[in-house]
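Only one chain is shown below, in C-alpha coordinates, and it's the form predicted on its own.
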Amino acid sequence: MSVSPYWNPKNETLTRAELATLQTAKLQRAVAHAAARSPFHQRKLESAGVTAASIRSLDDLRRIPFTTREEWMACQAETPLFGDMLAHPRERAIRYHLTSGTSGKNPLRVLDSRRDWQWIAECWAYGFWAFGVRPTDTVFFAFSYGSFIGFWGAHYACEKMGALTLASGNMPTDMRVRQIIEMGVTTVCATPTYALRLAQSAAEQGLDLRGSAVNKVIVSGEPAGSIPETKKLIEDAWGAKVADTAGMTELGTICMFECSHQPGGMHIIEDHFIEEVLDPATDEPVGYGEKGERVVTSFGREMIPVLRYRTRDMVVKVPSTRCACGRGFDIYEGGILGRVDDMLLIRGTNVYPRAIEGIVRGHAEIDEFQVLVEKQNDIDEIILRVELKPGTEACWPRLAKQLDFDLREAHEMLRFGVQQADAGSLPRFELKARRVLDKRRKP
(Lines give C-alpha, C1' and ligand atoms only; values in the text may rest on other atoms or scores of the structure.)
Protein backbone atom coordinates (compact mmCIF):
# COMPACT_ATOMS: atom_id res chain seq x y z
CA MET A 1 0.00 0.00 0.00
CA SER A 2 1.18 3.53 -0.80
CA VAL A 3 0.50 5.28 2.49
CA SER A 4 -0.74 8.84 2.59
CA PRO A 5 1.64 11.63 3.61
CA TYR A 6 -1.27 13.35 5.35
CA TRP A 7 -1.65 13.38 9.09
CA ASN A 8 0.19 10.41 10.59
CA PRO A 9 0.71 7.67 7.98
CA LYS A 10 1.13 4.95 10.58
CA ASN A 11 -2.47 5.47 11.76
CA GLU A 12 -3.76 3.84 8.59
CA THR A 13 -2.24 0.50 9.53
CA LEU A 14 -2.88 0.38 13.28
CA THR A 15 -4.27 -2.84 14.72
CA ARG A 16 -7.82 -2.66 16.05
CA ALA A 17 -6.49 -2.63 19.63
CA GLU A 18 -4.06 0.20 18.85
CA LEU A 19 -6.79 2.13 17.08
CA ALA A 20 -9.11 1.74 20.10
CA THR A 21 -6.38 3.18 22.35
CA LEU A 22 -5.94 6.16 20.04
CA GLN A 23 -9.69 6.75 19.76
CA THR A 24 -10.12 6.58 23.55
CA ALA A 25 -7.45 9.24 24.09
CA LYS A 26 -9.01 11.48 21.44
CA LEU A 27 -12.48 10.91 22.89
CA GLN A 28 -11.27 12.04 26.31
CA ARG A 29 -9.92 15.25 24.77
CA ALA A 30 -13.11 15.83 22.78
CA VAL A 31 -15.28 15.46 25.89
CA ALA A 32 -13.00 17.77 27.89
CA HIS A 33 -13.14 20.41 25.12
CA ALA A 34 -16.93 20.21 24.79
CA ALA A 35 -17.53 20.29 28.55
CA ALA A 36 -15.25 23.27 29.07
CA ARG A 37 -16.33 25.45 26.14
CA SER A 38 -19.73 24.53 24.66
CA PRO A 39 -22.77 25.41 26.87
CA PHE A 40 -24.95 23.02 24.83
CA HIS A 41 -22.66 20.07 25.54
CA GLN A 42 -21.99 21.17 29.11
CA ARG A 43 -25.68 20.72 29.93
CA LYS A 44 -25.94 17.34 28.23
CA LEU A 45 -22.74 15.92 29.69
CA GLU A 46 -23.52 17.14 33.20
CA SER A 47 -27.01 15.67 33.08
CA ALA A 48 -25.50 12.31 32.08
CA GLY A 49 -22.74 12.51 34.68
CA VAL A 50 -20.03 12.25 32.02
CA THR A 51 -16.61 13.87 32.35
CA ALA A 52 -13.35 13.36 30.48
CA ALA A 53 -12.01 11.45 33.47
CA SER A 54 -14.94 9.03 33.30
CA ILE A 55 -13.97 7.98 29.76
CA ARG A 56 -11.62 5.03 30.35
CA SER A 57 -12.35 2.95 27.26
CA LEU A 58 -14.55 3.00 24.18
CA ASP A 59 -17.19 1.15 26.20
CA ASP A 60 -17.80 4.47 27.99
CA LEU A 61 -18.79 6.10 24.70
CA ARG A 62 -22.35 4.90 25.17
CA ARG A 63 -22.68 6.95 28.36
CA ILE A 64 -22.48 10.13 26.27
CA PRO A 65 -25.93 11.41 25.20
CA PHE A 66 -26.85 11.51 21.53
CA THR A 67 -26.91 14.78 19.61
CA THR A 68 -29.78 15.08 17.13
CA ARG A 69 -30.46 17.43 14.26
CA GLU A 70 -33.68 18.47 15.98
CA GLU A 71 -31.77 19.56 19.11
CA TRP A 72 -29.25 21.43 17.00
CA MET A 73 -31.98 23.27 15.09
CA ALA A 74 -33.84 24.12 18.30
CA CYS A 75 -30.63 25.43 19.83
CA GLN A 76 -30.07 27.75 16.86
CA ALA A 77 -33.71 28.88 16.89
CA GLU A 78 -33.50 29.79 20.58
CA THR A 79 -30.18 31.63 20.22
CA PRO A 80 -29.86 32.84 16.61
CA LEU A 81 -27.89 32.41 14.49
CA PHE A 82 -25.59 29.68 15.77
CA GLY A 83 -27.04 28.59 19.10
CA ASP A 84 -24.88 27.85 22.13
CA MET A 85 -23.07 24.85 20.64
CA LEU A 86 -20.11 27.03 19.68
CA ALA A 87 -16.97 26.33 21.68
CA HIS A 88 -15.27 29.58 20.62
CA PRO A 89 -16.44 33.13 19.85
CA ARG A 90 -17.83 33.79 16.39
CA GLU A 91 -14.83 36.05 15.69
CA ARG A 92 -12.55 33.01 15.59
CA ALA A 93 -14.35 31.61 12.54
CA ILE A 94 -13.05 31.93 8.98
CA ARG A 95 -15.71 29.86 7.16
CA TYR A 96 -19.51 29.84 7.16
CA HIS A 97 -21.62 27.03 5.69
CA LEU A 98 -25.24 25.91 5.54
CA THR A 99 -26.65 22.44 5.20
CA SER A 100 -28.41 21.82 1.91
CA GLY A 101 -31.72 21.81 3.84
CA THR A 102 -35.03 20.12 3.09
CA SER A 103 -38.41 21.52 2.16
CA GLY A 104 -40.08 23.33 5.04
CA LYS A 105 -37.02 23.25 7.29
CA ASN A 106 -34.42 25.84 8.11
CA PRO A 107 -30.84 24.85 7.33
CA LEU A 108 -28.25 24.33 10.03
CA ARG A 109 -25.61 27.06 10.20
CA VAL A 110 -22.00 26.06 10.78
CA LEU A 111 -18.84 28.03 11.50
CA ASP A 112 -15.31 26.70 11.08
CA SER A 113 -12.07 28.05 12.52
CA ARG A 114 -8.71 28.11 10.75
CA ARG A 115 -7.79 24.90 12.58
CA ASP A 116 -11.09 23.27 11.53
CA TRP A 117 -10.45 24.17 7.93
CA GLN A 118 -6.94 22.68 7.96
CA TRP A 119 -8.40 19.45 9.36
CA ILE A 120 -11.21 19.40 6.81
CA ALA A 121 -8.73 19.64 3.94
CA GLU A 122 -6.52 16.96 5.49
CA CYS A 123 -9.39 14.46 5.71
CA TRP A 124 -10.25 15.05 2.06
CA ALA A 125 -6.57 14.53 1.22
CA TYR A 126 -6.77 11.15 2.96
CA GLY A 127 -9.52 10.06 0.60
CA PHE A 128 -8.13 11.58 -2.60
CA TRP A 129 -4.66 10.10 -2.05
CA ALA A 130 -6.22 6.70 -1.37
CA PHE A 131 -7.90 6.71 -4.78
CA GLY A 132 -4.72 7.73 -6.56
CA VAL A 133 -4.82 11.55 -6.82
CA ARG A 134 -1.25 12.88 -6.91
CA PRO A 135 0.46 16.28 -7.34
CA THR A 136 0.75 15.57 -11.07
CA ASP A 137 -3.05 15.44 -11.48
CA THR A 138 -5.31 18.16 -12.82
CA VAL A 139 -8.54 18.16 -10.80
CA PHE A 140 -11.78 19.75 -12.01
CA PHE A 141 -14.61 20.60 -9.60
CA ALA A 142 -18.00 20.54 -11.33
CA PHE A 143 -19.54 22.38 -8.41
CA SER A 144 -21.08 25.83 -7.93
CA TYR A 145 -19.30 27.39 -4.98
CA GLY A 146 -22.03 28.64 -2.63
CA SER A 147 -22.66 28.36 1.11
CA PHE A 148 -23.30 24.60 0.94
CA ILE A 149 -20.03 22.93 1.96
CA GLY A 150 -20.07 20.42 -0.92
CA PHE A 151 -16.60 20.06 -2.43
CA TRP A 152 -15.10 23.15 -0.76
CA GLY A 153 -12.80 21.11 1.49
CA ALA A 154 -11.82 18.83 -1.39
CA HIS A 155 -10.76 21.86 -3.43
CA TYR A 156 -8.36 22.99 -0.73
CA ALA A 157 -7.14 19.42 -0.21
CA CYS A 158 -6.09 19.23 -3.87
CA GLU A 159 -4.24 22.54 -3.61
CA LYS A 160 -2.52 21.24 -0.48
CA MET A 161 -1.48 18.09 -2.33
CA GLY A 162 0.00 20.20 -5.12
CA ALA A 163 -2.46 19.25 -7.87
CA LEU A 164 -3.58 21.79 -10.45
CA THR A 165 -7.09 22.62 -9.20
CA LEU A 166 -9.82 24.03 -11.42
CA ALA A 167 -12.99 25.61 -10.00
CA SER A 168 -15.90 25.91 -12.42
CA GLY A 169 -18.15 28.20 -10.37
CA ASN A 170 -21.28 29.17 -12.31
CA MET A 171 -19.92 27.87 -15.61
CA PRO A 172 -22.68 26.21 -17.70
CA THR A 173 -22.52 22.47 -18.23
CA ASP A 174 -21.45 22.55 -21.89
CA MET A 175 -18.56 24.89 -21.12
CA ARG A 176 -17.46 22.70 -18.21
CA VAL A 177 -17.19 19.69 -20.48
CA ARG A 178 -15.11 21.62 -23.02
CA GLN A 179 -12.75 22.88 -20.33
CA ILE A 180 -12.31 19.36 -18.92
CA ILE A 181 -11.09 18.20 -22.32
CA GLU A 182 -9.13 21.36 -23.22
CA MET A 183 -7.18 21.41 -19.92
CA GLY A 184 -6.32 17.72 -19.95
CA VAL A 185 -8.19 17.15 -16.69
CA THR A 186 -7.38 13.78 -15.11
CA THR A 187 -9.80 13.86 -12.14
CA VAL A 188 -13.37 15.15 -12.11
CA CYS A 189 -15.34 15.77 -8.89
CA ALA A 190 -19.14 15.92 -9.02
CA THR A 191 -22.31 14.38 -7.66
CA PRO A 192 -23.16 11.06 -9.36
CA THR A 193 -26.18 12.67 -11.02
CA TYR A 194 -24.14 15.54 -12.40
CA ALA A 195 -21.37 13.25 -13.62
CA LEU A 196 -24.01 11.60 -15.80
CA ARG A 197 -25.30 15.01 -16.92
CA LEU A 198 -21.78 16.06 -17.96
CA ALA A 199 -21.47 12.88 -20.00
CA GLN A 200 -24.81 13.60 -21.64
CA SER A 201 -23.66 17.11 -22.53
CA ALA A 202 -20.45 15.74 -24.02
CA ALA A 203 -22.47 13.40 -26.23
CA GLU A 204 -24.73 16.26 -27.32
CA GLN A 205 -21.64 18.26 -28.34
CA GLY A 206 -20.02 15.33 -30.12
CA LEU A 207 -17.12 15.29 -27.63
CA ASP A 208 -15.29 12.09 -26.73
CA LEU A 209 -15.02 11.82 -22.95
CA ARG A 210 -13.73 8.27 -23.12
CA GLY A 211 -10.81 9.49 -25.20
CA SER A 212 -10.02 12.35 -22.83
CA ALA A 213 -7.33 12.39 -20.13
CA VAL A 214 -9.89 11.78 -17.35
CA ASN A 215 -9.09 8.54 -15.51
CA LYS A 216 -10.74 9.22 -12.15
CA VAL A 217 -14.23 10.51 -11.29
CA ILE A 218 -14.73 11.19 -7.57
CA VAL A 219 -18.35 11.56 -6.49
CA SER A 220 -20.11 12.63 -3.32
CA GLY A 221 -23.43 13.97 -2.08
CA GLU A 222 -25.73 11.06 -3.00
CA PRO A 223 -25.92 7.34 -2.14
CA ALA A 224 -25.87 6.68 -5.91
CA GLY A 225 -22.07 6.79 -5.87
CA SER A 226 -22.05 3.32 -4.34
CA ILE A 227 -24.95 1.86 -6.34
CA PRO A 228 -23.21 -0.57 -8.74
CA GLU A 229 -25.59 0.15 -11.63
CA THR A 230 -25.11 3.93 -11.38
CA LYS A 231 -21.36 3.61 -10.91
CA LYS A 232 -21.10 1.42 -14.01
CA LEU A 233 -23.03 3.97 -16.08
CA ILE A 234 -20.60 6.71 -15.04
CA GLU A 235 -17.54 4.54 -15.61
CA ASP A 236 -18.77 3.49 -19.06
CA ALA A 237 -19.59 7.07 -20.05
CA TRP A 238 -16.24 8.51 -18.92
CA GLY A 239 -13.93 5.56 -19.51
CA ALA A 240 -12.65 6.17 -15.97
CA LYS A 241 -12.77 4.63 -12.52
CA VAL A 242 -15.34 6.05 -10.09
CA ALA A 243 -14.76 6.49 -6.34
CA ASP A 244 -17.41 7.34 -3.76
CA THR A 245 -16.91 9.61 -0.74
CA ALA A 246 -19.33 10.76 1.95
CA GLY A 247 -19.48 13.45 4.61
CA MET A 248 -21.87 15.92 6.23
CA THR A 249 -21.87 19.64 6.91
CA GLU A 250 -22.57 18.87 10.57
CA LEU A 251 -19.45 16.69 10.81
CA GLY A 252 -17.24 19.11 8.94
CA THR A 253 -15.70 16.92 6.28
CA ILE A 254 -15.71 13.50 4.65
CA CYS A 255 -15.77 10.60 7.07
CA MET A 256 -15.22 7.80 4.55
CA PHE A 257 -13.60 7.18 1.19
CA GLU A 258 -13.26 4.51 -1.46
CA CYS A 259 -9.65 3.48 -2.08
CA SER A 260 -8.16 2.45 -5.42
CA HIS A 261 -8.79 -1.24 -4.63
CA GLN A 262 -12.55 -0.53 -4.73
CA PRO A 263 -13.63 -3.15 -2.17
CA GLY A 264 -17.35 -2.53 -2.69
CA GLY A 265 -17.55 0.10 0.02
CA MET A 266 -15.80 3.00 1.73
CA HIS A 267 -13.13 3.00 4.43
CA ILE A 268 -14.04 4.99 7.55
CA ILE A 269 -11.43 7.56 8.64
CA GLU A 270 -11.29 5.97 12.07
CA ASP A 271 -8.40 7.96 13.49
CA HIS A 272 -10.55 11.10 13.18
CA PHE A 273 -14.04 9.73 13.80
CA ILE A 274 -15.78 7.09 15.87
CA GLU A 275 -18.58 5.58 13.82
CA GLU A 276 -21.12 3.50 15.71
CA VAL A 277 -23.77 1.44 13.93
CA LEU A 278 -26.94 1.14 16.03
CA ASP A 279 -30.38 -0.36 15.68
CA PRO A 280 -32.48 2.80 15.13
CA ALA A 281 -35.38 1.34 17.13
CA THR A 282 -33.48 0.10 20.22
CA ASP A 283 -30.26 2.18 20.03
CA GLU A 284 -28.30 -1.03 20.65
CA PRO A 285 -25.10 -1.72 18.66
CA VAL A 286 -25.35 -4.10 15.72
CA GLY A 287 -22.54 -6.35 14.55
CA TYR A 288 -20.53 -6.58 11.36
CA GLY A 289 -22.77 -7.29 8.39
CA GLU A 290 -25.95 -5.93 10.02
CA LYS A 291 -27.75 -2.82 8.85
CA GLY A 292 -28.13 0.07 11.29
CA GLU A 293 -27.97 3.84 11.76
CA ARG A 294 -24.55 5.48 11.85
CA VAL A 295 -23.86 7.65 14.88
CA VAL A 296 -20.71 9.76 14.61
CA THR A 297 -18.30 11.41 17.04
CA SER A 298 -15.82 13.80 15.43
CA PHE A 299 -12.38 14.52 16.84
CA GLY A 300 -11.53 17.39 14.50
CA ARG A 301 -14.18 20.06 15.04
CA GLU A 302 -12.89 22.95 17.16
CA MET A 303 -15.66 25.55 16.74
CA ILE A 304 -18.53 23.07 17.10
CA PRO A 305 -17.88 19.85 19.05
CA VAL A 306 -19.75 16.85 17.64
CA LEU A 307 -20.50 14.02 20.08
CA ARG A 308 -22.58 11.00 19.04
CA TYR A 309 -24.45 12.75 16.24
CA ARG A 310 -27.37 10.73 14.86
CA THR A 311 -26.91 11.01 11.11
CA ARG A 312 -30.04 9.01 10.16
CA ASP A 313 -27.89 7.30 7.50
CA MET A 314 -28.29 3.55 7.14
CA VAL A 315 -25.09 1.52 6.75
CA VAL A 316 -23.57 -1.95 7.06
CA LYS A 317 -20.08 -2.11 8.57
CA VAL A 318 -17.65 -4.87 7.58
CA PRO A 319 -14.04 -5.50 8.70
CA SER A 320 -11.08 -3.74 7.10
CA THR A 321 -9.80 -7.14 5.96
CA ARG A 322 -12.47 -7.04 3.24
CA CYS A 323 -10.03 -4.81 1.32
CA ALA A 324 -6.56 -5.81 0.13
CA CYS A 325 -5.11 -2.29 0.39
CA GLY A 326 -3.68 -2.91 3.87
CA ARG A 327 -5.50 -0.08 5.65
CA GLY A 328 -6.85 -0.95 9.08
CA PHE A 329 -9.94 1.24 8.72
CA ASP A 330 -13.25 -0.66 8.66
CA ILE A 331 -15.54 -0.37 5.65
CA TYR A 332 -19.14 0.60 5.04
CA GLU A 333 -20.25 -2.03 2.54
CA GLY A 334 -22.12 -0.38 -0.31
CA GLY A 335 -21.51 3.07 1.19
CA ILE A 336 -24.54 4.98 2.50
CA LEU A 337 -27.51 2.69 1.89
CA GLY A 338 -30.14 5.37 2.41
CA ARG A 339 -31.67 7.22 5.32
CA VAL A 340 -33.89 6.09 8.16
CA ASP A 341 -36.48 8.65 7.05
CA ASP A 342 -36.12 7.92 3.31
CA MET A 343 -38.25 4.81 3.48
CA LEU A 344 -41.66 5.08 1.83
CA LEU A 345 -44.50 2.98 3.19
CA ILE A 346 -46.77 2.15 0.28
CA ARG A 347 -49.77 -0.06 1.01
CA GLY A 348 -47.88 -1.88 3.76
CA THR A 349 -44.67 -2.36 1.75
CA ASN A 350 -41.34 -0.67 2.55
CA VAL A 351 -39.87 1.07 -0.49
CA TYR A 352 -36.36 2.59 -0.56
CA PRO A 353 -35.32 5.14 -3.22
CA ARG A 354 -31.88 3.51 -3.49
CA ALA A 355 -33.45 0.20 -4.54
CA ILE A 356 -35.49 1.96 -7.22
CA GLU A 357 -32.40 3.70 -8.58
CA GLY A 358 -30.51 0.40 -8.69
CA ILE A 359 -33.23 -1.01 -10.95
CA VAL A 360 -33.62 2.06 -13.14
CA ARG A 361 -29.88 2.52 -13.73
CA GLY A 362 -29.67 -1.05 -14.94
CA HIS A 363 -31.33 0.12 -18.17
CA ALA A 364 -28.99 2.19 -20.34
CA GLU A 365 -31.90 3.63 -22.36
CA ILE A 366 -33.08 5.71 -19.37
CA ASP A 367 -31.82 9.28 -19.21
CA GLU A 368 -33.59 10.58 -16.07
CA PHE A 369 -36.33 9.48 -13.70
CA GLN A 370 -38.65 10.67 -10.94
CA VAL A 371 -40.68 8.86 -8.28
CA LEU A 372 -44.11 10.31 -7.55
CA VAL A 373 -46.12 9.23 -4.48
CA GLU A 374 -49.69 10.41 -4.09
CA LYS A 375 -53.13 9.38 -2.87
CA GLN A 376 -55.68 8.30 -5.45
CA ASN A 377 -59.17 7.56 -4.06
CA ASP A 378 -57.61 7.40 -0.56
CA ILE A 379 -55.11 4.73 -1.66
CA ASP A 380 -51.35 5.31 -1.75
CA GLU A 381 -49.95 5.00 -5.25
CA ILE A 382 -46.33 5.10 -6.40
CA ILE A 383 -45.43 6.07 -9.95
CA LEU A 384 -42.08 5.86 -11.71
CA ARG A 385 -41.72 8.50 -14.43
CA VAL A 386 -38.98 7.74 -16.94
CA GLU A 387 -37.33 9.96 -19.55
CA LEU A 388 -35.60 8.09 -22.38
CA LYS A 389 -32.37 8.94 -24.15
CA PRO A 390 -32.86 10.34 -27.67
CA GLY A 391 -33.21 7.64 -30.28
CA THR A 392 -34.36 4.92 -27.87
CA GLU A 393 -38.10 5.69 -27.88
CA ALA A 394 -38.96 2.52 -29.79
CA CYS A 395 -37.84 0.38 -26.85
CA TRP A 396 -40.49 1.82 -24.52
CA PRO A 397 -43.09 -1.00 -24.62
CA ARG A 398 -40.45 -3.62 -23.82
CA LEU A 399 -38.73 -1.41 -21.24
CA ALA A 400 -41.98 -0.49 -19.46
CA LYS A 401 -42.88 -4.17 -19.12
CA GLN A 402 -39.41 -5.02 -17.78
CA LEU A 403 -39.43 -2.15 -15.27
CA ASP A 404 -42.85 -3.21 -14.03
CA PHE A 405 -41.59 -6.75 -13.50
CA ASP A 406 -38.30 -5.73 -11.84
CA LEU A 407 -39.95 -3.27 -9.45
CA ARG A 408 -42.60 -5.78 -8.34
CA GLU A 409 -39.99 -8.50 -7.87
CA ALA A 410 -37.95 -6.22 -5.60
CA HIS A 411 -40.91 -4.93 -3.58
CA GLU A 412 -43.04 -7.90 -2.53
CA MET A 413 -45.14 -7.68 -5.73
CA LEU A 414 -46.16 -4.06 -5.02
CA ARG A 415 -47.43 -2.63 -8.29
CA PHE A 416 -45.82 0.59 -9.50
CA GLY A 417 -47.23 2.84 -12.16
CA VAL A 418 -44.60 3.17 -14.89
CA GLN A 419 -44.95 6.20 -17.16
CA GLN A 420 -42.89 7.69 -19.96
CA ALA A 421 -42.07 11.38 -19.47
CA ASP A 422 -41.51 13.84 -22.30
CA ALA A 423 -37.90 14.50 -23.28
CA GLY A 424 -36.39 17.26 -21.13
CA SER A 425 -39.42 17.44 -18.81
CA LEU A 426 -37.82 16.03 -15.64
CA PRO A 427 -35.56 18.18 -13.46
CA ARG A 428 -31.76 17.99 -13.70
CA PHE A 429 -29.51 18.42 -10.67
CA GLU A 430 -25.98 19.68 -10.08
CA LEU A 431 -25.93 19.09 -6.34
CA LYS A 432 -28.01 16.56 -4.43
CA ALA A 433 -30.72 15.07 -6.60
CA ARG A 434 -34.27 15.08 -5.23
CA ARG A 435 -36.09 12.56 -7.36
CA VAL A 436 -38.81 11.51 -4.87
CA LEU A 437 -41.90 13.72 -4.88
CA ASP A 438 -44.24 12.66 -2.07
CA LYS A 439 -47.53 14.49 -2.48
CA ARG A 440 -49.34 12.75 0.35
CA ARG A 441 -50.61 15.00 3.08
CA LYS A 442 -48.36 14.71 6.13
CA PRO A 443 -50.07 13.99 9.48
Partner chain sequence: MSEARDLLGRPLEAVEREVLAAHEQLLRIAARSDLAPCVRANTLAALALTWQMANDLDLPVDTPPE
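Positions refer to the first chain, counted from 1. Just so you know, these numbers come straight off a predicted model, no measurement behind them.
Note that the form predicted together with the partner chain isn't included here; everything after this is about it.
- If you check the partner chain in the predicted complex, you find a heavy atom from every one of 122, 126 and 302 within 4.5 Å.
- Checking 283 to 291, 197 to 205, 137 to 145, 108 to 116 against the partner chain in the predicted complex, the stretch whose residues place heavy atoms within 4.5 Å of it is 108 to 116.
- The partner chain is not shown here, and in the predicted complex it never comes within 4.5 Å of any heavy atom of residue 426.
- By the criterion of a heavy atom within 4.5 Å, residue 43 is excluded from the residues contacting the partner chain in the predicted complex.
- Under a 4.5 angstroms non-hydrogen atom cutoff, the partner chain in the predicted complex has residue 272 among its neighbouring residues.
- Looking at residue 56, you'd find every heavy atom of it more than 4.5 angstroms from the partner chain in the predicted complex.
- With the partner omitted here, the residue from 408, 29, 63, 398 that has a non-hydrogen atom within 4.5 angstroms of the partner chain in the predicted complex is 29.
- For the options 160, 339, 95, 178, the one in contact with the partner chain in the predicted complex, meaning a heavy atom within 4.5 Å, is 160.
- Residues of 13 to 33 that come within 4.5 Å of the partner chain in the predicted complex, judged by any heavy atom, are 14, 18, 21, 22, 25, 26, 29 in sequence order.
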